[in-house]
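Okay, here we've got a single chain as structure tokens, the form predicted on its own, with questions on binding and movement later.
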Amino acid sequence: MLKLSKLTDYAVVALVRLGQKSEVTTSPVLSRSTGIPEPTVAKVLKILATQGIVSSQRGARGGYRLARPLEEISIAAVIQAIDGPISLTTCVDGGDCDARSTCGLGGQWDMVNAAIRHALSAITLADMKNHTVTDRLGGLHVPPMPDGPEATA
């Protein structure tokens, strides 16, 4: 199953909330406004700061702010900042694979992975905030899950 880590999910929530604030915001304030535990918010913000997605300000009036607008931060950038490269299998992008000589799928996962990266790169945090992901993806229809309601993205 493909699933984002909780930390990436929390990062998206925290970044969208941070984007709604014009002033520098502390991790305790962000924690209270998102419901994410403060140590987790602090950890996420520290990672995002090292990746240049947020900027930090030290001192008595310190805290965090977005390094660039929500419109310029893709979901792919957040995933890569928190979880590392987007890679569906170990053989994607020339990675090591024990079964490379026998599986017969060489290079096929690269195309699937590139399509997913492309879609995630096209969706910004502003799209998430404004509920415009469907618009961004050109009305892509997402089929219903086998045991769940139909969804569109």
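Quick note: we count residues from 1 along the sequence shown, nothing fancier. Computed from a prediction, not measured in an experiment: that's the story for all the values here.
What follows is about the form predicted in complex with the DNA, which we do not show.
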{"query": "Joint contact, G52, R68 and Q80 to the DNA in the predicted bound form, by non-hydrogen atom at 4.5 Å", "finding": "no"}
{"query": "Contact of Q57 with the DNA in the predicted bound form (heavy atom, 4.5 Å)", "finding": "yes"}
{"query": "Contact test in the predicted bound form: T40 vs the DNA, heavy atoms, 4.5 Å", "finding": "yes"}
{"query": "Any non-hydrogen atom of T26 within 4.5 angstroms of the DNA in the predicted bound form", "finding": "yes"}
{"query": "Distance check, G35 to the DNA in the predicted bound form, heavy atom within 4.5 Å", "finding": "no"}
